[in-house]
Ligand SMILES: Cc1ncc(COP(=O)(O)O)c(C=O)c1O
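Shown next as structure tokens: one chain only, the form predicted alone.
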């Protein structure tokens, strides 16, 4: 069986090592040093979650006032981070072929608005037109925050690494990301023009949360291994019911909490070898692109997942499930995901019609270490037979 999510970055051996890894202050320092070197930065701060790092980036970039431009296809935790920093989101509609906003859309959206910063998300690792967006940002005195939750290891069209261009760079080490320590994140400060006092996170993560983070890969491996028998589904339901596992969007923001040393050690190891992971995922992505050209959108630069647009998403997902491929965890099924929290953000659908329509048709396919060429070929055969092109 193939899963798009549920711990695909972990084999049993990796999950076991994750459970028992120990770290110290030196491991956190090594991670900070690597981040500052890799992203040519002034300073790097480590957080218990990526959204905490993003909240601090927004606070420093805006002074905790005004609006922040953000893509209209995003995650609830991004909006939560913006509001935690004292600001409000300004949604910018996307282009359906790139899944990103462009400079023209940004310019139209910020007209007559008090916009202090723009978050460049590079969703699904697909690079934005960074030079044009930077021009708009400079014209309107907006700070640029590069959000690498999906984009670690990716490159812009001109060859510059994503994360080396803006004023701030945020990384997420959350589950299913390119760097995956279940929770965690970092803020890389690349400017001296900060609008507030930098507040390094100092509080420790509660023991119960660290325990959840330690056992999650083993829990995920168990669910995957026992899913066919039905027992995996029961374990999955029981874990969330009893809060042994917590949905990522329900964790809160907590910019005051720092990254535990053991997760810093794991993040450092993964960041050092990120190029190898990107190469593997891009190799898998190439198979999809060659087989499913008619369905593809702009290519991811790091291969985190392979997105496509279909007319009949529900039918395709059902056929994939029948073949043992679980791909329901699409990024994103509504403009601000997850759907269960969508109404709480009061998304302005009338100003972002492309995002509203695109999120009804997007799905994405696995490129992770647990899928091989034969698996991808099987998936492509199902798509070719069952999917209708969204026009």
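Predicted model only: the values in this text are computed from it and were never measured. Numbering follows the first chain given and starts at 1.
The form predicted together with this ligand exists for this protein as well; it is not shown, and the discussion that follows is about that form.
A.B. asks: With this ligand left out of view, which of 259, 128, 304, 77 would have a heavy atom within 4.5 Å of it in the model of the complex?
C.D. replies: After the contact test, the surviving option is 77.
A.B. asks: Ok, 174, 201, 217, 154: which has a heavy atom sitting within 4.5 Å of this ligand in the model of the complex?
C.D. replies: Filtering the options by heavy-atom distance leaves 174.
A.B. asks: Taking a heavy atom within 4.5 Å as contact, would all three of 121, 170 and 332 count as contacting this ligand in the model of the complex?
C.D. replies: Verified in the model of the complex; spot residues all in contact, yes.
A.B. asks: Which is the contacting stretch out of 59 to 67, 22 to 30, 351 to 359, 46 to 54, given heavy atoms within 4.5 Å of this ligand in the model of the complex?
C.D. replies: Contact criterion met by 46 to 54 only.
A.B. asks: In the model of the complex, is there a heavy atom of this ligand that lies within 4.5 Å of any heavy atom of residue 184, even though the partner is absent here?
C.D. replies: Because a heavy atom of residue 184 falls inside 4.5 Å of this ligand in the model of the complex, the answer is yes.
A.B. asks: Within a 4.5 Å heavy atom cut-off, is residue 277 in contact with this ligand in the model of the complex?
C.D. replies: Output for residue 277 is no: heavy atoms all beyond 4.5 Å of this ligand.
A.B. asks: Does residue 268 reach this ligand in the model of the complex, with heavy atoms at most 4.5 Å apart?
C.D. replies: Outside the cut-off, so no.
A.B. asks: If we define contact as a non-hydrogen atom of the residue within 4.5 angstroms of the partner, is residue 150 a contact of this ligand in the model of the complex?
C.D. replies: Yes, residue 150 lies within 4.5 Å of this ligand in the model of the complex.
A.B. asks: With the partner left out here, which residues of 232 to 252 have a non-hydrogen atom within 4.5 Å of this ligand in the model of the complex?
C.D. replies: If the 4.5 Å heavy-atom criterion is applied to this ligand in the model of the complex, 232 to 252 yields only 248.
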